[in-house]
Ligand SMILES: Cc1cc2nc3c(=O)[nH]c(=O)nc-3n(C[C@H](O)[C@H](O)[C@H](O)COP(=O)(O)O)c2cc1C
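To begin, one chain is listed below as structure tokens, in the form predicted alone.
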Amino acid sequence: MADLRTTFMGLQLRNPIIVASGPLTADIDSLKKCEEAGAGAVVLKSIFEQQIEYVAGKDSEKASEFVGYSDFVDAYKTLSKDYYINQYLELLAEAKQKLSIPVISSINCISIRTWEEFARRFEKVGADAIELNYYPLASNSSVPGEKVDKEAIAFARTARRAIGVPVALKIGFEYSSISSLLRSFEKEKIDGMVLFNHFFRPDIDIDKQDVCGGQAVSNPTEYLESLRWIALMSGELKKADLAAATGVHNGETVIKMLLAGAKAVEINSVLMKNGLGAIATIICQIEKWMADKGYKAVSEFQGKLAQERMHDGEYWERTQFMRTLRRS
């Protein structure tokens, strides 16, 4: 039988498949089903600072209808906020008690102080690692890209100093220099980077002539940017691990990511579309490919096609079509 074991941020995984943060990791029953389906690890559904603040604010507004004291309303908002955070902590504690695979907390916050506060509380409850969703939308044209990058590095430094368990940054690719940024994250002793996050993207409804939500799930063609940067950077990073995300819908794509140097992959959209049975399908596809190629363990081919290990590794840097399109 093929040995699919791998390590990511020092965590021992029975296979490279991590169920990403989402609806399927939001309650204990779903989490247990993820483990039973064969997942190597799970990332709990992200806790969003903005969402908690919004819901807590709504709760306090309702309370203010009955109590006319502003100081009580403020206190009620704080209590309401703690209630929602405690719900997450209870889920984390139960997951750690009932699951045998690594459980990773996921945090999506606005302010650095809140990130620290949440992360410390999750660490105390027993999170095996903490994944920080970091994506500042650089929409202010007066802020240079260099400042955006420096703030990202400062954030990584603060997070690493505040958290004792392994830390992963799940980021986007719209930075002035991804390669330099990833190297900087490694210097700040970040344990892993997840490339790349599938962020909310607004769209336009032309019938209503209004802004609406874009595509919520990824499609199988969206993996190429992640593949390129994992191949470019996996050989350069000596201590930090890379995981792939977005567009990973089948075993073939998982194999590509592993060949490029990924230590693991995060999947969500394919599970939302096809159910948790997709995990077993992906694992079977990997095992069959390994048997066909004569590989007994993932470690035998992991990173084989990283840029540093190829004689023509500059192919990963190509951005123009050149001969990739044939004339009709």
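When you see a residue number, it is the position in the sequence shown, counting from 1. Not measured: the values here are computed from a predicted model.
Absent from the display: the form predicted in complex with this ligand. The rest refers to it.
- Of the candidate stretches 299 to 307, 33 to 41, 286 to 294, 266 to 274, only 266 to 274 has residues whose heavy atoms lie within 4.5 Å of this ligand in the model of the complex.
- The shortest heavy atom separation between residue 241 and this ligand in the model of the complex exceeds 4.5 Å.
- When this ligand is considered in the model of the complex, residue 228 lies well away from it, no heavy atom lying within 4.5 Å.
- Heavy atoms of residue 250 never reach within 4.5 Å of this ligand in the model of the complex, leaving it off the interface.
- Taking the partner from the other structure, this ligand in the model of the complex has a heavy atom within 4.5 Å of a heavy atom of residue 106.
- Along 175 to 208, a non-hydrogen atom within 4.5 Å of this ligand in the model of the complex is carried by 197, 198, in order along the sequence.
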